[in-house]
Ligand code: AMP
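First comes one chain, alone, set out as structure tokens in the form predicted on its own.
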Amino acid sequence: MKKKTCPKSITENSKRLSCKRKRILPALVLLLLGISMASSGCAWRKEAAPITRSGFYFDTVIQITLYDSRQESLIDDCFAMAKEYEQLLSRTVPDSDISRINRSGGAPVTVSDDTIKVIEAGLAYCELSKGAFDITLGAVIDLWDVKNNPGVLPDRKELARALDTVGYEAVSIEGNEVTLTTPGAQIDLGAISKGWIADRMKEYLNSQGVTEGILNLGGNVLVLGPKSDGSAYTVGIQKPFAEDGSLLLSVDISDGTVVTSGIYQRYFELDGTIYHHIFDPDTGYPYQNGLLSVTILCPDSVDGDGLSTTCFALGLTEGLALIESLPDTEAVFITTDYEIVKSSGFPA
């Protein structure tokens, strides 16, 4: 990926952004992504088969593959991390930090350092997108319930009431205390948390001497590499709505992340219109902007998470312009006509 000139990464600046003022604050945008590991990416080592295990956290499958270690206990440790973070960050866990914030009725809630960091990362993307990405869409997400929706649009009055609770400016952070200043506001970190957790897992594995592996958190693919022979991993990007899981294209990556936000994993169709899980905070309806998916390539998975949703929300023109302004970051946009639009430095 080519180098670009711009300020430091968004997540590096999130703490600075959150301290500019008291926080007066996807979107549960569940990033169930169209990414699969192409077969060539897993067949490079014949003398020692990798160890692979799967678990279920954050309502998604997590798969961890290690190539240069036979210690399954390391995978156990990563799963323990996933469980711990789920207990902090999932709003469907009754006693999580996020659930306690959401039901606090506007009272300050003391939460963990990690919870603060993830909220700040989410808020950084809220600000970067000027609100097109918003972590306080919980009430809207609940009303639509896309995963279980049989094909019914929400009542407009109920949707208007839910929209009244949306606005990241309602999130106020003071030290380790989080306050929601808008009655009924609901934080949802689904658009940022899996990427943040993947980065923590990678840090842990690196600290234990693991330098070759693949972390796949519900489609957030993070690779540890390059491989021992110096070659890259091949990650396939699924063709949207392809029932056979066929790939639209693939990309070689040595050490970094591939993250996609798309409309084709959680949706329902009504009268020829697809209603998906990426919501516009202004209307309360799913974005209808001519895009099927956005895939990000960058070093850190939390940025891949935040940018894939942000760029989808911004649309093709603004999203592409944002990517071109960021260092070590590339993207590919898939339009509703299946046109493939790549950023200037996207690998051939």
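Given the structure is predicted, the values throughout are model-derived calculations rather than measurements. Quick note: we count residues from 1 along the sequence shown, nothing fancier.
The following text describes the form predicted together with the ligand, which does not appear among the structures shown.
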{"item": "Stretch in contact in the model of the complex with the ligand, which is absent here, among 231 to 239, 173 to 181, 259 to 267, 75 to 83 (heavy atoms within 4.5 Å)", "value": "259 to 267"}
{"item": "4.5 Å heavy atom contact, residue 309 and the ligand in the model of the complex", "value": "yes"}
{"item": "Non-hydrogen atom contact residue 277 with the ligand in the model of the complex at 4.5 angstroms", "value": "yes"}
{"item": "Contact of residue 168 with the ligand in the model of the complex (heavy atom, 4.5 Å)", "value": "no"}
{"item": "The ligand contact in the model of the complex: residue 57, any heavy atom under 4.5 Å", "value": "no"}
{"item": "Partner-contacting position among 191, 221, 121, 197 - heavy atom within 4.5 Å of the ligand in the model of the complex", "value": "191"}
{"item": "Sole residue of 215, 251, 141, 101 within 4.5 Å of the ligand in the model of the complex, by heavy atom", "value": "141"}
